[in-house]
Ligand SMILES: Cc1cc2nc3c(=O)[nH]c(=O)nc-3n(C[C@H](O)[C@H](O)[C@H](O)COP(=O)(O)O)c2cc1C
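Only one chain is shown below, in structure tokens, and it's the form predicted on its own.
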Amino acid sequence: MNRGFWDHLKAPIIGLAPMDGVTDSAYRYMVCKYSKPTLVMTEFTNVEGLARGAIGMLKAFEYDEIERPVVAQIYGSEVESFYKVALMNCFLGFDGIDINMGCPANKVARRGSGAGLIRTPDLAKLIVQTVQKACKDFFNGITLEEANIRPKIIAALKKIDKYNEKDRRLLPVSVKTRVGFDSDITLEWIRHLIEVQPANITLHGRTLKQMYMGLANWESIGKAASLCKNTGITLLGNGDIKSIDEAHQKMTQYGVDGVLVGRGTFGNPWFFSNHSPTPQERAQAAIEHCKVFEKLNPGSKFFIMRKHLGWYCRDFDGARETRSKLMQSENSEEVKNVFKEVFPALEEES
């Protein structure tokens, strides 16, 4: 089993969970700048689209060196496409590759991707083995041309500053999944995954059917952690962690090797530190986040930032009115002007 960077992480492992539509390059940069999680993962990216030549999807694989170790997360159901995109990830210098087997979105699962793979364990295992093979083939010197990757994708990859044909590390492969599809089958499902020896399994304590409703089942996560003991596979828990103290409590109580935190980081890039930000610090960070987003995504629709602004805007008098104004903002300068109405000192600091 190749564990790569997983063997060099300092305990306890408390990382940033991948979240579609949230953990883009700007979000990850802000979190890593202000509190540095143990590791981060990109938003999941569809392998079929990329394998067929959707160059625009490469945007999801942008990252800053401050994020390391950084893991590319991918999803889909076509084995050949997984192979090709895994090779792309290797050439882009990621520290690892994670296969999403947990997304509960209907448009993903109904195609047999994401959490839909829980229903097809043989395919799920073949996908893990295929990505592992791609990583080994990369390490042994295969070229993108030899892998029959489309020329326009190859050309686009070679323009990305992270592209490196010489740094041929053997990347570890991990899996992020759920306790089941429409019922909890943790033990059966985890046993399947153990057979193909991913470096790490991250387990969200809800079924696909639950989506994000109810409470995550940490008892099931604990059972999965017990199964993984002495296998060489680390097991991270995921679900409902709202603070660093709670992360430590879950690790101790359920015997997991670590946790990934998702929604608990909303509006709080300081989550992984011991710092409790003031409302003004949140406002300052919100403005900076907007500027980072604009720099990394020139010409993109600014409305993507509005949900983040809503998360930053809390815990002060007039937050509701301020939030309402922020939802109409079109750029970072407008965001700054809105916050200055509440925090005049921001004019000097920004």
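All residue numbers refer to positions in the sequence shown, first residue = 1. As the structure is a prediction and not an experimental result, all values here were calculated from the model.
What comes next is about the form predicted in complex with this ligand, which is not displayed.
Among residues of the shown chain, Gly262 is one whose heavy atoms approach this ligand to within 4.5 Å in the model of the complex. This ligand in the model of the complex is approached by Gln73, whose closest heavy atom lies within 4.5 angstroms of it. This ligand is not drawn, but in the model of the complex it has no heavy atom within 4.5 Å of Asn268. For the chain shown alone, Asp24 is not a contact residue for this ligand in the model of the complex, no non-hydrogen atom being within 4.5 angstroms.
The stretch that touches this ligand in the model of the complex, counting heavy atoms within 4.5 Å, is 204 to 212, out of 204 to 212, 224 to 232, 121 to 129, 82 to 90.
Scanning Asp240, Glu78, Asp184, Asp95 against this ligand in the model of the complex with a 4.5 Å heavy atom cut-off leaves one residue, Asp240. A heavy atom within 4.5 Å of this ligand in the model of the complex is found for exactly one of Glu288, Asp64, Glu43, Glu281: Glu43. Residues Ala17, Pro18, Met19, Asp20, Val22 of 14 to 30 are found to place at least one heavy atom within 4.5 Å of this ligand in the model of the complex.
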